[in-house]
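Quick heads-up: it's one chain on its own, the form predicted alone, in structure tokens.
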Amino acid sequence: MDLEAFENRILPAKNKLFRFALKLLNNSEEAEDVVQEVLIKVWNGRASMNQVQNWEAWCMRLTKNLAFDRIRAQKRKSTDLMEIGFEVKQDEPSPHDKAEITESMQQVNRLIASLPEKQRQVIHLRDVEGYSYNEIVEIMEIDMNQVKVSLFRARSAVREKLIKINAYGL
């Protein structure tokens, strides 16, 4: 891999790598360090990595592994991985609508954060980052059925909890 291939294949994914590392570590400085370490590892090992077909998925797997290494090294457990809200764009929403959207997204983030780790990672990769099932299989190093089951269970759990929360007046 030469500099041009590195700039075209790897660098465009650095923001996704950062977001993924941030979700795992819940610390932007640590996430930046992990992404920098990933980019350095890819650059330093570029000569021996010609067999890699999906560079982005491979970098995501490397990011996941390095983030987990940092978590294990620091012996800390991240409990609120979905701190950053989703952006919802509408044509000039009212302040009331903005507040309602913010509150709803915070509630969804809390519900997702309360999921088991595998479900939380799969729902983040699929529904937030937009990865395909095959890419998630490569990143998480689990089989397709586990990805589908984890995603189904995560979505179902979030849906059921939201229904219970919002059905208080019925």
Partner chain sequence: MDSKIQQLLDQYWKCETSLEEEKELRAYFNENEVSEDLKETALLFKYFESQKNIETSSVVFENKIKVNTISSKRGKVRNMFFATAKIAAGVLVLVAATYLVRQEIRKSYPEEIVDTYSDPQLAFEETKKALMMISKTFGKAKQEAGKITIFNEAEQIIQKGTTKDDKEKTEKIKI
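Numbering follows the first chain given and starts at 1. Source: prediction; values computed, not measured.
The form predicted together with the partner chain exists for this protein as well; it is not shown, and the discussion that follows is about that form.
The contact residue chosen from 57, 140, 123, 66 relative to the partner chain in the predicted bound form is 123, the criterion being a non-hydrogen atom within 4.5 angstroms. For residue 166, a non-hydrogen atom is located within 4.5 Å of the partner chain in the predicted bound form, even though that partner is not displayed. Using a 4.5 Å cutoff between non-hydrogen atoms, residue 44 counts as a contact of the partner chain in the predicted bound form.
Residue contact check for residue 112: one or more of its heavy atoms lie within 4.5 Å of the partner chain in the predicted bound form. In the predicted bound form, the partner chain stays beyond 4.5 Å of every heavy atom belonging to residue 9.
For the stretch 7 to 27, the set of residues having any non-hydrogen atom within 4.5 angstroms of the partner chain in the predicted bound form comprises 7, 11, 14, 15, 18, 19, 22, 23, in sequence order.
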